[in-house]
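Both blocks below hold the same protein chain, though in two forms, and each is given as structure tokens: structure 1 and structure 2.
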Structure 1
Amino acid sequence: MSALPRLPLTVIGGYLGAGKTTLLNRLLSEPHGQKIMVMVNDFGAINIDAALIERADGDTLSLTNGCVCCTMGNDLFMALGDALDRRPRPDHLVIEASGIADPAKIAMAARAEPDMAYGGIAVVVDGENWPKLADDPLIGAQMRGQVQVADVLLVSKTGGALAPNLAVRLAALSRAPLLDLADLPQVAPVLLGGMAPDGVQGGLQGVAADHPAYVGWAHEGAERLERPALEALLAARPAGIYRLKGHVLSPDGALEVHVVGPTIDIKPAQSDSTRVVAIGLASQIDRETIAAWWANAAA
């Protein structure tokens, strides 16, 4: 078993013109403290701040914050292999799906690769044009399908006011959390899950406290859970949690856990403590509820 932690893969989806590359530019510019690798069809479209670019090597840009941006070829699994072989390995891989692609097919590649973890699907919704386009007889089904596979919906072009009819339509298609990008001071806690790879300190908890849209909870302890007990605990998690990740000790070693939306991913890992972090919408859950739920497992 590899001593390296699994590489989380987050996919950014959304129809043409929704604002995916603008979202990536925000992510690359934020002080998230993680070494992320971004794969896109053409990184020239991201409009990366020139001050962030340290050097350009062919189809790869190295940034001053430790992040890497590169173009992705047609072979997805070869691209994933390149990310896994990179040394040092990135903390997180983010792929921008084509506007006409099914982001779920890309995200499921993480399930097939033992050294990768499912980091979720974030779908960008054009708050101005989506309702009209979603009713189009030619492209509407595709746009609605992208929403249906999302773990989180990020609405762009709202001008700071999310239209109630749009919220109702999206809620009818998906139970994923709905966030207005205009209201988010940082997007990294949502896209990356908020936990630094070397522990739970200084991650999401510090960011989430400053914003009412989402809350974060982090825990470190010595409790050990049998795998069936852990699976049962995660299956009974509060509905407001849409992402959880970390390491949990078990009698037979440690387990690495990734929970995104309805997906639970558990594989053997190496760790000397139980460390988990969770994120959810403040309108649906609070830290006390998450802490009480987890405390039942340690009791």
Structure 2
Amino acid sequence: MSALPRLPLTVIGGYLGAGKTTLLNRLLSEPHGQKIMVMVNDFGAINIDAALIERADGDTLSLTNGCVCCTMGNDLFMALGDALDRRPRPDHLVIEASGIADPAKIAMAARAEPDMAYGGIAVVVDGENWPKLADDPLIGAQMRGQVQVADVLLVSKTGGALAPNLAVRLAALSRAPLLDLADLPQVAPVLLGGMAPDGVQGGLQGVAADHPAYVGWAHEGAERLERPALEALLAARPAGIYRLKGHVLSPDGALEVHVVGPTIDIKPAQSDSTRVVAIGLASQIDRETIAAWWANAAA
């Protein structure tokens, strides 16, 4: 295992015009306290408040909050390698998949690469046009495929209310939490977890803990779980948790856990205690429910 913390990767999927770049603009200007690197296909669409831009050189924009935004060129995976080799290494990497891409094909790299951590797939669903796109004879299958692999579905252009028939169609394809972008006071907790980048030592930081719309839960203990037991515990997690991460002690070394929506990713790690943080929407879950669930770990 490398000395540097793993680089978490979040992939933003969704068709042209769904609102991926709007979401990224929002993310970059929020007070999440993380040094995020955002990679986009088309620089032209990124429209960051000029006051936030510190420097622009070639294909990289450096922001005053420590974030950078750059284009990925024609070889996305080698660009991932560049992000990993960057010093200081960013706290979080966010990639905007092209409109037709299968975001899972990119996100899977975070599960495969020992130096990366799985940050999940957020698919932006165009609340107005998605049903039409999903039925399109040419691209419908790829549109539905994006929803099927999502860890969290973010619906744009709802006009204040999620259309019930849209929600039903999406739910038939995906178990991922369905969130109306207009309802989210901050997007960082959903996309990044809003947690301290250097593990969970400091507990929850930033917007996740602060904002009343979100529930944050942190735990430190000495539980030791075999991998199958940990997998079973995670599989039985309360539905309102959409992100969980941390280190869990196990008989043969610690395990690093990343849970985003329906996806669970586990990798070997080094740790001397079990430390876990979880986050959900206050409207869907409370801290006590999470704590009661985790108490099963000690049982």
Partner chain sequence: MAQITVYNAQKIITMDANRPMATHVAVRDGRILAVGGADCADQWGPVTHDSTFADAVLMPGFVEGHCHMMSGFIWDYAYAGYHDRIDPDGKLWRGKTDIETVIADMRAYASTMPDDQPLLTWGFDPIFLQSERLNRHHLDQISDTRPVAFLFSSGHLMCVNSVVLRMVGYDGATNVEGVMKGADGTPNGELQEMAAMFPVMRRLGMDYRTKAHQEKYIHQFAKVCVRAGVTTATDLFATITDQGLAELKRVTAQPDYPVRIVPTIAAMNAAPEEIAAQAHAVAAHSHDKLRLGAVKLMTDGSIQGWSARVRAPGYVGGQPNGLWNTPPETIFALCEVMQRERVQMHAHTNGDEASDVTLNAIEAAARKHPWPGARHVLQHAQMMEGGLFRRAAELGVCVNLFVNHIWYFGDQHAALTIGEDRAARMDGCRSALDAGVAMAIHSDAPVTPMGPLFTASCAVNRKTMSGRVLGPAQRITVDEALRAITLGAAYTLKMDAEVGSIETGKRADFAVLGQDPTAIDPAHLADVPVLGTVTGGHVTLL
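FYI, numbering is relative to structure 1, first residue = 1. If you're wondering where the values come from, they're calculated on a predicted model, not measured in any experiment. Basically, rigid core = biggest C-alpha set you can superpose within 1.5 Å across the two forms.
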For this session: Determine, for this pair of isolated chain forms, which one is the form predicted alone.
Result: 1
Exercise. Comparing between the two structures on the rigid core, is the C-alpha shift at A229 2 Å or larger?
Worked result: yes
Problem set entry | Cα displacement of I266 between the two structures reaching 2 Å, rigid core superposed | yes
Problem set entry | Did E220 shift 2 Å or more between the two structures, C-alpha, core superposed | yes
Problem set entry | Per-residue Cα shift, V248, between the two structures [Å; core superposed] | 3.1
Exercise. Rigid-core fit: what Cα movement does S283 have between the two structures, in Å to one decimal?
Worked result: 5.4
